[in-house]
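Single chain ahead, by itself, as structure tokens, in the form predicted alone.
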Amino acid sequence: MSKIDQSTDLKIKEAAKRVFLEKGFGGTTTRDIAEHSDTNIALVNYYFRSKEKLFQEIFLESFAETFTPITRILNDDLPLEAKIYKLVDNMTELLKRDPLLPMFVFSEMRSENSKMCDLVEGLHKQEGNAFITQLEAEAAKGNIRKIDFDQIDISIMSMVIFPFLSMNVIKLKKNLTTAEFYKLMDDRKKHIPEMILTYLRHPG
């Protein structure tokens, strides 16, 4: 593919990502994508064949960039405490680089008939269970309370991701610049693992 083709491909993809984020899959038309990318419907269809194919490609890239590193860390051969710190740090740095990623992914999750649901189900099967085994082993030793993996997973994900989803509100409420907001998120890299580990170590 030539440089011109790559430029057009990227322009369409970036425009589509913005429109999907704003309107969701169902509310977006190929015409919307063409207008936002300053191209035309024929070009959008030439490069991606259909709105469905374009959405799938963007989502898979966003999902892989967001969640594949997380799965890798969960399956790393690291002590539990180090794994939780590394997980929070990795997620925070990823979201600092592109805070729109979770907004794009989760905006589609609100729709029961989302095209994304089938994609998530397929990709979710690829996750390992090393972290689950680790939690169970530590609980069996009496080092932590017995806990459902899903509860820890949801807690960490929400504690890291929610501030980025509400970044503009937090910046306005606290009168923060973007740099100051990111400094606040850097501070949370320490506080979130401490809160999770304190809970796990509490006898319950």
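Sequential numbering from 1, following the sequence displayed. We call the rigid core whatever largest set of C-alpha positions still superposes within 1.5 Å between the two forms. Just so we're clear, the structure is a prediction, and the values are computed from it rather than from any experiment.
Beyond what is shown, the protein has a form predicted in complex with the DNA; the following relates to that form.
K.L.:
For the chain shown here without its partner, which stretch in 155-163, 22-30, 173-181, 137-145 has non-hydrogen atoms within 4.5 angstroms of the DNA in the predicted bound form?
P.N.:
Only one stretch passes the 4.5 Å heavy-atom test: 22-30.
K.L.:
Contact between residue 46 and the DNA in the predicted bound form at 4.5 Å, heavy atoms?
P.N.:
It does: once the DNA is placed as it appears in the predicted bound form, residue 46 has a heavy atom within 4.5 Å of it.
K.L.:
Do residue 64 and the DNA share at least one heavy atom pair within 4.5 Å in the predicted bound form?
P.N.:
No, residue 64 stays farther than 4.5 Å from the DNA in the predicted bound form.
K.L.:
Is it the case that residue 40, even though its partner is missing from this view, gets within 4.5 Å of the DNA in the predicted bound form, heavy atoms only?
P.N.:
Yes, residue 40 is a contact residue.
K.L.:
Given that the DNA is not shown alongside this chain, does residue 168 nevertheless sit within 4.5 Å of it in the predicted bound form, heavy atom to heavy atom?
P.N.:
Judged by the heavy-atom cut-off of 4.5 Å, residue 168 is well away from the DNA in the predicted bound form.
K.L.:
Could you check, with the core superposed, whether the Cα atom of residue 188 shifts 2 Å or more between the shown form and the other one?
P.N.:
After core superposition, the C-alpha of residue 188 moves less than 2 Å between the shown form and the other one.
K.L.:
Would you tell me if residue 155 moves between the shown form and the other one by 2 Å or more at its C-alpha, with the rigid core held superposed?
P.N.:
Not so; residue 155 is displaced by less than 2 Å.
K.L.:
After the core is matched up, is the C-alpha of residue 70 off by 2 Å or more between the shown form and the other one?
P.N.:
Where the cores coincide, residue 70 shows only a C-alpha shift between the shown form and the other one that is less than 2 Å.
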